[in-house]
Structure formats: C-alpha cells, structure tokens
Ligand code: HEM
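Here's a solo chain for you in structure tokens, the form predicted on its own.
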C-alpha cells in the first residue's frame, strides 16, 4: 500500500472502494445533521430553549424526520458495498455482537417516531418536546456507538475467539471513545452548515425567517451555529489526537503511509478553512458566500472518510494478505447488477428531490394564501 487511495488496488477493488466512500459521504452528511440536530434540540430543551419559538428549533423540527429518512436510505448503498469489500470480518463482527447489534433496529424506529412527536401540535409544551428530543438523541447516539463498536470489532480478529468464548455482547478498546467522539463532535459543523444553507435559502424565499421570528433572532441563530461549529471542530480535533495516540499499528500506518496520509491532510486543511470561515461568521453573522464553507466541509468529510478506510485496509493487511479479498471483489464484479444499481440510485435521488420540491411548493402556496 505505497500509493494514495484508491490507486494500487486491482480494478474491481478500487471500483468498490470508490463507490463505498462516495455513497458513505452522502450518508455521513445526512447522519451528521440528524445526530447533531437532535443533540442540539435536547440540550436546548433542557436549557429552556424549546419553551419559545426560535429559528433553529423550527428548522430542525421541520426537517429532522426527512433527514433521518434520507440518512437511512443513503445508508443502503454503503452497507451493500462494505459487505462486498470486507465480507468475512464484517459478518463476523455482526454475529459476535448478535442481539446487541440487532437492538439498533428497534432503537432507530423509536428515534424516528420521536422526531414526529417533536412536530405534533399536542406536544407543544417545553417538557414533552424536551423529552422527545432527548429520547431521539439517545437513540441516535446508541446507533453511532454501535456502528463504531462494530467497525472496531471488525478489525480485532485476534480477539474474536475470546469474545465468543466469554459470550460477551459489548466490545471495548481504548480507541473506541476518541474515535466515536471524532464523529459525534464532527457532526456539529456539518449540521451547522446545512442549517445555515436552509436559513439563507429561506431568506430568499417567501417563508422568510426574519419575518417569522425577527431579524435579531435569525442573527443570533447564525452566530450560535458558528459557535457550535467551532466547538465541534475543536473537540473533534482533540479526539483525533487522542485516537492517534492510543491507536494501534494500523492507525499509525495510515498516518504515515501514502494510502491515507494525503487524505488526512485534505481533511485537516478543510477543518482549518472551516475554522476561519466560521470565525468570520461569529464576527459578521450574515449567511452569504457559503460556497467556500460548503467546499471546506465536504473536503473535511471526504478526507476523514478515506482516512477511516485507510486504517481498515492497513489493519486487515497486517492480519493477513489482502489477496483473498481482492479475489472476492473480482468475483463480485463479474456477477452483474451494476445497471440495476444505477437505475435504483437514480430513482431514489429523483424521488427524494420530488419530495423536497412538493414540500417547498406547498409551503409557498400556504404563505401566498
């Protein structure tokens, strides 16, 4: 692995790796919005922020159910690709965790319906909304922990036999908390950016947030989002440093080797650019010229997502040769089905876009009436 990702791999492997990363990035953006959004609403409710209307609670309350639906839908493609790429370790980790792993499904269902409780008129009081937001946040934090735990267990092949013999249902290692913290705190800047884009788009449309809540409330929300993003970036970087310190040889190989090093640099450059741009919004909370901030955020997510895969590839290579995986990828590539994947991907994107268009058109009509 002496070339940058995805070069140096056989064509089928490189193809699946690229598709996995691209589709995972789409899921990460939506997942970050849901994870950080519910956490922000829960904290806001505990501090009394849900007792009165405000732009951030209004935006998140309106869009979180849709974002969760999008995140779950967008997770299907990377879930399929990860099964092709890492079949044996992925399925082994799932089976070892078993009921603890399967518990994520009912937990997500509960979290999904709690987001609709946030929108229900009968639950307009502070404490019912706070309880719903807190419950949803706990559900999605559980899902984030479960995926991180599963991913680390996938790489811990030397512990599988002992894990099974001890009938354990929880995997723990020192890298779990800092790695989980990177993704949780890193979700805040993404959520803040999406909310900022929604505010900017609303201020150009008929459903003007300044008219609904007042200019001062919108300005305060933009500044709050900037502070949340800055805090999230700082905490994510701190967790990343801890992860690098306690990580195993695979993490150090990804840090120093060409496979993930340049993508880690891309992520760090994106984070630095984000920090400067968010600080500018603290000083001048006007949501304009958001293209550079969007590009910086995507660079951070893309760089860290590829680095995450570099760690996994190094770990699997340290355990044994990757050649059996390459052979499996070549067999999978010969099975066909790529055209069907493209057709259904286009259908999903089209239907999701149609839903957004219907909602926006309906709201414009309500305002005009």
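Fair warning: this is a prediction, and the values are worked out from it, not measured in the lab. Positions refer to the first chain, counted from 1.
Separately, the form predicted in complex with this ligand exists; it is not shown, and the next lines address it.
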field: Interface segment, criterion being heavy atoms within 4.5 Å of this ligand in the predicted complex, picked from 40-48, 308-316, 54-62, 326-334
entry: 308-316
query: Are all three residues 191, 219 and 281 in contact with this ligand in the predicted complex, where contact means a non-hydrogen atom within 4.5 Å?
result: no
- request: Report the residue, out of 131, 103, 299, 144, that has at least one non-hydrogen atom within 4.5 angstroms of this ligand in the predicted complex.
  value: 144
Selected contact from 230, 197, 268, 82, since only one has a non-hydrogen atom within 4.5 angstroms of this ligand in the predicted complex: 82
- request: Report whether the minimum heavy atom distance between residue 183 and this ligand in the predicted complex is within 4.5 Å.
  value: yes
query: Is there a non-hydrogen atom of residue 9 within 4.5 angstroms of a non-hydrogen atom of this ligand in the predicted complex?
result: no
- request: Check whether residue 29 has any heavy atom within 4.5 Å of a heavy atom of this ligand in the predicted complex, and answer yes or no.
  value: no
Contact of residue 179 with this ligand in the predicted complex (heavy atom, 4.5 Å): yes
field: Residues of stretch 105-119 in contact with this ligand in the predicted complex (4.5 Å, non-hydrogen atom)
entry: 108
